[in-house]
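Next up: a single chain in structure tokens, the form predicted alone.
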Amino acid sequence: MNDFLSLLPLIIICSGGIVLMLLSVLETMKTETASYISLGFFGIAFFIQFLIACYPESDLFAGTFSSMLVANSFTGVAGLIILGAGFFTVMSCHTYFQQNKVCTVEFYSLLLFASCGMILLTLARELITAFISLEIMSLAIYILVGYDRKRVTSTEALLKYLMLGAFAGAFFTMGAALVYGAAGSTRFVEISNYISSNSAATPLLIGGAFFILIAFLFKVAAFPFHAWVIDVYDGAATPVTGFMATALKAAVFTVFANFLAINGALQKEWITFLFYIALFTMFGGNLIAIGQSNIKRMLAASGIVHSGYLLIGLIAISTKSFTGSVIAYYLAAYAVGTLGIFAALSYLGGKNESRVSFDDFKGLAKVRPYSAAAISVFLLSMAGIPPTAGFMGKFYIITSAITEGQIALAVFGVISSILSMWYYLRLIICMYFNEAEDSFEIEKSPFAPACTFILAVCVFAIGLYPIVI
């Protein structure tokens, strides 16, 4: 029964995608109705996932799937982040598409299918299953990125993401083949057994793990595979960008952590490599973000920096007692802040996303003080200012690095966090220390504003949760 319950959110989301795809052929079907149906599926799945999130680890239908799918508290929290991101993205879309008439019923179906692939990816404990999950997720995301076919930046983003994503998929396939050549299996359990009785430094295993790591690093936009993320985030519709920045990152970092935790010897083999990747990812992302005048592009660059912090979490994991709690907490903290600011941009951005630069938001606090306050909360959380969720997330990442002896990496993480305040505070200064040049007229749909304020509350709730509990 527990196995079925663990798979039930995945089944609900997949069913939702199929139902909406079938309903899309009806001429009477409206996009607003599709958004309500999507909210229902995401809401029900989130509620069930919440009830089962803390179940003990178990192989789901081990006799049928041969330990290819495993659920535990780490995957449970990752599933909650993905489903929550889907729910709030649909809310943002409801408002966004009233100003930007490019939506069809199929859009929401693709959003559900992307979430389906992400949840399956978090459960995967076998390389072919992980590859199939990655492709389900990626194919839906490719289409969502290029959904506005009349916008040049959207088409350009789709082309870049599709071409480079295909390379990432090829690297993953090659890596899985080499790992199979070494261990004789693609299941994580048997790869671990092989490493325990042999070595993690065999040529085939090193080559296979290297290609798989490249694929993961591309998906999370880590250095030096980050070049695509700025243009893709900028070209995609604002709610889609928020969904990519949070749900996709949660899914990929979950399977990334599970892969490294296969065996302690495998993780130790790659610690030095990941150390430099994390370092360059943090500081490279900061340098790119500082030079941006477009808010979406700045947030894309800051997403690179946050991938660097999460890589510190991967370096500091303890394979003997791996729970993933630090990474899961950071992903949740990052998700509420990022989803919140993209929800705000969804209704403040205007028709055809006409407000995109820092200058466009000058004086926002004079005209819409609550929106400016909410955006400030999200930015302060991403900068790591207490008592927000972002502060606690970075605190756990830094302390876990110190515990595992990665003192230098912890220090670089703190320096990177200080540097990031430059571009986060810059937007706050624009909103509060300038006269308004725009009336910031918006559509009267309440969904995106409601989503923004719920997430602002979540920033403090998640930040105070470890203290209260």
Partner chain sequence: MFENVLSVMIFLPILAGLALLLFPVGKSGSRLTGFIVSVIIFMFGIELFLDFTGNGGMEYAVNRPWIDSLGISYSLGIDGISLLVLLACSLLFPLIFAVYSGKTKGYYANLLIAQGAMLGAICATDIVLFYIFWEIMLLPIFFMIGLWGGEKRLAATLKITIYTIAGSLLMLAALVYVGVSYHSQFGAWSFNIADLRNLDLSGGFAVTAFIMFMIAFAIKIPLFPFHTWLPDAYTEAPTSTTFVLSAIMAKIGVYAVIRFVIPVFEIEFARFALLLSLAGVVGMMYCGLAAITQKDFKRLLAFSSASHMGIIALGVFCMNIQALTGSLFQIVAHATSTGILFVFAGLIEERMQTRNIADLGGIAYRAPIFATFFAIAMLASVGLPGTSGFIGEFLIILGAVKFNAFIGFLAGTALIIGVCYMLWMFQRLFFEKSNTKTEGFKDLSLLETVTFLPVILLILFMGIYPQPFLQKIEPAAELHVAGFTTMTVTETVAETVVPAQEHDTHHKN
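Quantities reported herein were computed from a predicted structural model and do not represent experimental measurements. Positions refer to the first chain, counted from 1.
Another form exists, predicted in complex with its partner chain; not displayed. Remarks below refer to it.
The closest heavy atom approach of residue 60 to its partner chain in the model of the complex falls outside 4.5 Å. Contact check for residue 417: a heavy atom falls within 4.5 Å of its partner chain in the model of the complex. Taking the partner from the other structure, its partner chain in the model of the complex has no heavy atom within 4.5 Å of any heavy atom of residue 66. Its partner chain in the model of the complex comes within 4.5 Å of a heavy atom belonging to residue 432. In summary, among the residues 44, 37, 421, 53, the only one with a non-hydrogen atom within 4.5 Å of its partner chain in the model of the complex is 421. With the partner removed from view, the residue among 335, 398, 215, 374 that has a non-hydrogen atom within 4.5 Å of its partner chain in the model of the complex turns out to be 398. Every residue of the trio 386, 391 and 428 has some heavy atom no more than 4.5 Å from its partner chain in the model of the complex. Comment: 402-410 is the region of 66-74, 44-52, 402-410, 23-31 lying near its partner chain in the model of the complex, near meaning a non-hydrogen atom within 4.5 Å.
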